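This document starts with one chain, in the form predicted alone, laid out as structure tokens.
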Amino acid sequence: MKLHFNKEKFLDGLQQVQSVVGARSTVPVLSNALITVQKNGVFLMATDLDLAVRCPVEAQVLEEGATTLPAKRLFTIVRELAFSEVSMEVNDKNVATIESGGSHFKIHGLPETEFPRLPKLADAKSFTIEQKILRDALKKTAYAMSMDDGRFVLNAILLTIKEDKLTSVATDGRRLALSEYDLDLPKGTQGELLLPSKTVAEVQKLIKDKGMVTISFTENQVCFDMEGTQLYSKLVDGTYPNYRQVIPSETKERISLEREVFSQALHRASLLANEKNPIVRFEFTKNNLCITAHAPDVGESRERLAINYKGADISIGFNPHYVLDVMQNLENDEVFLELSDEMSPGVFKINAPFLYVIMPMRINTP
């Protein structure tokens, strides 16, 4: 196997695959990247058995072949080379020789026959959408996933494909984010995909604002093909909770907020929230919002905002980090907070099919 490549282009490919490599894998070949050199192109691949990423890299093919090399070591070597043009040659014992300018390296690999094969998605359902739609769907919901390893079903995003709609949902039991998109889907394309948190993170790294993505899925596997770069993943095996029942069917007040101004005020107020049990009080009165935080033995903070509000006085407590999460992942200038009373969930909305439900917290008056 022999090839010649540009350092930066090869690094881009290694960057896409190396984060999938298992750092503490008991199977040595899983620490390696598979390099396949064919007449029709050069491909890099890495896997941890649950997740696999395969991407093309631009290179001059001098001799076909395949091998596996330690992914992180290879990345470090190529990154530190002083010259852009690099040659690599691999012998029949899977020893790779890398040369660039006056630099010369030899690293030992393992046979490509030991590397796991990509899953075959027999009878998979498939549809194609714009990458920016998937990127937006994940951005608006991923932060609401549970970080508790004991709740594996909630360590995931639920993607539902049904009735020409793509719905993305995430919840940790204390807040819920939901975003919907109208699509023109092929007949018979419907299903529910529970994407593991690591898969979501890797898709977010690979997805772009331009181009298309083809999503193919079976009962337990999914493939995202982003115009050449492919990500394969197992799906979470479990039943997602009935999230619709926690979405309030009606609310009493709808409050318009200037997202950036509101976010900055909340951030400042939260600086003095209790670190162990962060609570910020939101007091809505006529044309006024007062945001306060109190931490025993530390102090208190207060921020006042002029808003367009003419409803009943409401005082409600929220975790400020949960509110800031949604503000930071929206791009709209205006957001709406819908409330009923201090004991009912708050619902953030925008002028698009999106909502974010957040449970209130009990306020202890200082």
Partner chain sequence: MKDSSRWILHMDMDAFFAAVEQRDHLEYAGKPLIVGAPPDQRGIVSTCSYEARRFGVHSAMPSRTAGKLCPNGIFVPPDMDKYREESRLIMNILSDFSPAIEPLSIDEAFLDVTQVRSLLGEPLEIARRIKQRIREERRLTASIGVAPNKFLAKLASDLEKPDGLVVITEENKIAILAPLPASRLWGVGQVTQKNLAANGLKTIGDIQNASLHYLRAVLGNGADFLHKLAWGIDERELELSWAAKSVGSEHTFPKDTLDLSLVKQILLSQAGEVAGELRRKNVAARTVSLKLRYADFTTLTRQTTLAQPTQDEVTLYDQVLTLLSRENLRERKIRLIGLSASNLTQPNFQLDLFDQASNKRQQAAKAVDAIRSKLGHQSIQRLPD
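Numbering follows the first chain given and starts at 1. Since this is a predicted model, take the numbers as computed values, not measurements.
Here the subject shifts to the form predicted in complex with its partner chain, a form of this protein not shown in this document.
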Taking its partner chain as it sits in the predicted bound form, is Lys234 near enough to touch it, meaning that at least one heavy atom pair lies within 4.5 angstroms? no
With the partner left out here, check for me: in the predicted bound form, does some heavy atom of Arg259 sit within 4.5 Å of its partner chain? no
Close approach of Gly102 to its partner chain in the predicted bound form, 4.5 Å, heavy atom: no
May I ask you to check whether Lys72 falls inside a 4.5 Å heavy atom distance of its partner chain in the predicted bound form? no
Partner-free chain; cross-checking its partner chain in the predicted bound form, the single residue of Glu227, Glu180, Asp148, Asp164 with a heavy atom within 4.5 Å is Asp148
Here the chain is shown alone; which of Thr113, Ser249, Asn242, Thr239 has a heavy atom within 4.5 Å of its partner chain in the predicted bound form? Asn242
In the predicted bound form, does every one of Asn274, Met343 and Pro360 come within 4.5 Å of its partner chain, counting any heavy atom? yes
Per-stretch contact check against its partner chain in the predicted bound form, the hit in 171-179, 204-212, 188-196, 74-82 (non-hydrogen atom, 4.5 angstroms): 171-179
Which residues within 298-333 place at least one heavy atom within 4.5 Å of its partner chain in the predicted bound form? Asn319, Tyr322
